[in-house]
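One chain follows as structure tokens, the form predicted alone.
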Amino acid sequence: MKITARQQEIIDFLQSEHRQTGIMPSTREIQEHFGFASQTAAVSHLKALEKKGIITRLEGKARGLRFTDTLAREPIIDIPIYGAIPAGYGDDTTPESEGCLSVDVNSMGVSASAKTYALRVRGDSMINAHIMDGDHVVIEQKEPRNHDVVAALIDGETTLKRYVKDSKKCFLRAENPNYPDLIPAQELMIQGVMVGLVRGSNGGW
């Protein structure tokens, strides 16, 4: 089975978007990302991947894409769940271990050797990033890049927000216009960067 360079780029894009948001991109989002003249071109590539057994498509669903077992899978690893994190206004709740989350290394993009843990999301401040109340976010302990989604301690309170760094300061931004930016008065400590998401029972397509 031969996969063209463009098809591999599309596979990589699907995997990346699924890791970051927990959902597959729509054909329109694929079109816009690759600069195709129409959605027809995106659909054509998806049909080719389906014919090669890489994906399956659910008719009538805008995001109805699924990977098959054709792509090699890595072992399942267990990531500890350290309680909940507010995706709303921060609070001073101390995380408590509440079991483990089993994830597929390949589909989640998590290294078996990385320092990772999971947090259960509370609140709706990150809904425009497709992070819903009840989801679990996979956090890796590493340095953040600008606009990464991070677990952070800001002035003694924990929260899940987007990390923003401009020429003057670093602060946290919600993905919901109903929430203001969080600008630290004294302390901003990044506890980890979101590298994956597992959709909870409250989430959906």
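If you superpose the two forms and keep the largest set of C-alpha atoms that fall within 1.5 Å, you have the rigid core. Each residue number is its position in the shown sequence, starting from 1. No experiment lies behind these values; they were computed from the predicted model shown.
There is another form of the same protein, the form predicted together with the DNA; it is not shown, and what comes next is about it.
- In the model of the complex, the DNA sits within 4.5 Å of a heavy atom of K61.
- Using a 4.5 Å cutoff between non-hydrogen atoms, E157 does not count as a contact of the DNA in the model of the complex.
- Among heavy atoms of T40, some come within 4.5 Å of the DNA in the model of the complex.
- In the model of the complex, the DNA lies within 4.5 Å of some heavy atom of F36.
- By the 4.5 Å heavy atom rule, the three marked residues H130, D148 and N178 all fail to count as contacting the DNA in the model of the complex.
- Checking R28, K165, K142, R173 for any heavy atom within 4.5 Å of the DNA in the model of the complex turns up a single hit: R28.
- Residues H45, K47, K52, R57, E59 are the members of 45-59 with a non-hydrogen atom no more than 4.5 angstroms from the DNA in the model of the complex.
- Annotation for V195: C-alpha shift under 2 angstroms between this form and the one not shown, rigid core superposed.
- Remark: with the core as the superposition reference, the CA shift of Q39 between this form and the one not shown reaches 2 Å or more.
- After superposition on the rigid core, the Cα atom of K52 is displaced by 2 Å or more between this form and the one not shown.
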